[in-house]
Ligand code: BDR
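What follows is a single chain, given as structure tokens, in the form predicted on its own.
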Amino acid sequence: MKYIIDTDPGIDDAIAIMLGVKNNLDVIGFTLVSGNIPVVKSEKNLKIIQDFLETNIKMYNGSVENLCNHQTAEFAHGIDGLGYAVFPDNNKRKFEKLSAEDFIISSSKKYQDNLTIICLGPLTNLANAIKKDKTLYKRIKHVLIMGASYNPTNIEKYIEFNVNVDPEAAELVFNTPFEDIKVVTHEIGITSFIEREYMDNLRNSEHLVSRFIGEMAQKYMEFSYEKYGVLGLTAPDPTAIASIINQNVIKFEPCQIKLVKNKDNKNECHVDLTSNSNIKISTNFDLELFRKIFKNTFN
């Protein structure tokens, strides 16, 4: 299977990308979307990530900004998006001239049902590709999304970042009849975490990538504790990637997803489980299996 990773790196995106590449996912390209941080910072970060991985995977830019002109999330990811790991802006790697949506379309024609789109950020690029090519869904069979929110015990809906950044794009993707859409929710990502002690120890690893991840994670762990009370690294995007590495990491169930604006004009995800649907949402996961995959990769 070939993979396109659509991303807005971001600490957890960066770690997810490294997890996927280190576990030999056949990534044919990265497409950048505006989300956690502005695209210009994401460009720099993706180059840095590839330097650490010693890869030369092609990179494609999407829209400079999402439809809603959203606020970014430097409060969680740091001013440059990689936490306290700061680098000069002198990387010579180049992005391809082809746009993100055109790369998605051309790749779908080349690889057809042997292609999975992994969306770790807002769904702007995939939505733009759908708008441009109405038959895209017939060639791309598999889409994995880190986004949306589902907790049937909560009366008040959580406003999930990736969906709320570009709700029009999310609604279009959820309503497109791809054969297989899997959605890893915010709730799974927050309860799936790596212990603080392990992340702290990574900073002293003899492996350069592991040290880089340990350094980046410090800022996100501070955010995880302040926001969720979690003593460790919450891992929404790495957990999504882990579900591809090992299908037993997450249990998915068929559902329908509807976006509903609340009184504050924010977009709530209303999820109803059903017996049959092309959309499947995460309802449970194996924390110890995820941690095993993570720790076997970064040690």
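On a predicted model such as this, the values are computed, not experimentally measured, just so you know. Residue positions are given as counts along the sequence shown, with the first one as 1.
Beyond the structure shown, there is the form predicted together with the ligand, which is absent from this document and is the topic of what follows.
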property	result
The unique member of Ile188, Leu123, Met146, Met216 whose heavy atoms fall within 4.5 Å of the ligand in the predicted bound form	Met146
Residue among Phe212, Tyr150, Phe174, Tyr220 with a heavy atom within 4.5 Å of the ligand in the predicted bound form	Tyr220
Segment assignment from 53-61, 261-269, 230-238, 24-32: heavy atom within 4.5 Å of the ligand in the predicted bound form	230-238
Contact of Asn162 with the ligand in the predicted bound form (heavy atom, 4.5 Å)	yes
Non-hydrogen atom contact Lys182 with the ligand in the predicted bound form at 4.5 angstroms	no
Asn45, heavy atom within 4.5 angstroms of the ligand in the predicted bound form	no
